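First comes one chain, alone, set out as structure tokens in the form predicted alone.
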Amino acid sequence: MPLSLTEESYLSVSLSQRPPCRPDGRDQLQFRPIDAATGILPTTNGSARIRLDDGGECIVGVKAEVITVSRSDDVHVEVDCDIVGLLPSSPLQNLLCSTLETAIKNSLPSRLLRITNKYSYKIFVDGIILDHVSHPLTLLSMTTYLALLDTRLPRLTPEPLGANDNDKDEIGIPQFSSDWADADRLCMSWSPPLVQLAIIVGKNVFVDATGEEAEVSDGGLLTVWHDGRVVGLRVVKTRDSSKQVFSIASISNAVEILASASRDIEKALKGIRTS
């Protein structure tokens, strides 16, 4: 339900003041509690589910397919996501899929998917957002992060005696071990990217914004976090009347805040996977 003018004015003032006052008492970098699980889809190479306390829920499954490649340095990743209640190819769906797909492709080393000179894995990331009240980008990104941490790829069976690199182009489809316990984790030497959307109200930056907070924001900042730093940045519109114009100082301050938040999120999600 849209905010009334009185509610909008009160919330805008509360979030703009220094220090700000959020309706639920959280500080600027505090996320709401989540319920997370991995390995929930047995027919996938990796999977995860996250539920938020506002009713938001997302499930992601990762599958790997063997394909023939002409260039061994290409990274083959495809991200698709359905949002319950929205038509396919909606602007929101396109934003989610293209943002995550680009972030993964730009960070994933091709050697982790390469099988032989001729064959490689193609990674399919399929998500479904069952419900969302606030913007679902961070929810989908965190769930995808967990699913990729959970992803395992079958180990290639030993090559015949006498085989060499030149033989790899002549043999048929590679054969893999049937022992799933012997499979290699995709993220042994790679950490997936994290994408989050924060809102800006006045001079304040907020992570994990509620739908009401986004309604009074001046705009949003989309950041991509990988390998201990922010590697991508984009200003986005969070409502029809968003300003979308911020000073360099404001953006620099927001990036610093989001880097700290992303570091904490990554640590927490890795703790979920290893617990």
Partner chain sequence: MASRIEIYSPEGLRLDGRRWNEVRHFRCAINTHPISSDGSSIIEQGNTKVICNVIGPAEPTLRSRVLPDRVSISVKLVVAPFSTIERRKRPQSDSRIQEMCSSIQHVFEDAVIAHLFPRSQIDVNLYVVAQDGGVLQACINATTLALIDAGVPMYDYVCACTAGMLDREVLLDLNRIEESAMPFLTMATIGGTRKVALLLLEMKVQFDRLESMMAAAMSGCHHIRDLMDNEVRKHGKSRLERGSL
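Bear in mind the structure is a predicted one, so any value in this text is a computation, not a measurement. Numbering follows the first chain given and starts at 1.
We do not show the form predicted in complex with its partner chain, though everything after this point is about it.
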Please determine, with the chain shown alone, which of 206-214, 26-34, 225-233, 59-67 has non-hydrogen atoms within 4.5 Å of its partner chain in the predicted complex. 59-67
Decide if the three candidate residues 91, 246 and 256 all line its partner chain in the predicted complex, where lining means a heavy atom within 4.5 Å. no
Is residue 131 a contact residue for its partner chain in the predicted complex, using a 4.5 Å heavy atom cut-off? yes
Does the 4.5 Å heavy atom contact test between residue 44 and its partner chain in the predicted complex come out positive? yes
So in the predicted complex, does residue 124 come within 4.5 Å of its partner chain, heavy atom to heavy atom? yes
Its partner chain contact in the predicted complex: residue 85, any heavy atom under 4.5 Å: yes
Stretch 40-55: residues contacting its partner chain in the predicted complex, 4.5 Å heavy atom cut-off: 40, 41, 42, 43, 44, 49, 51, 53, 54, 55
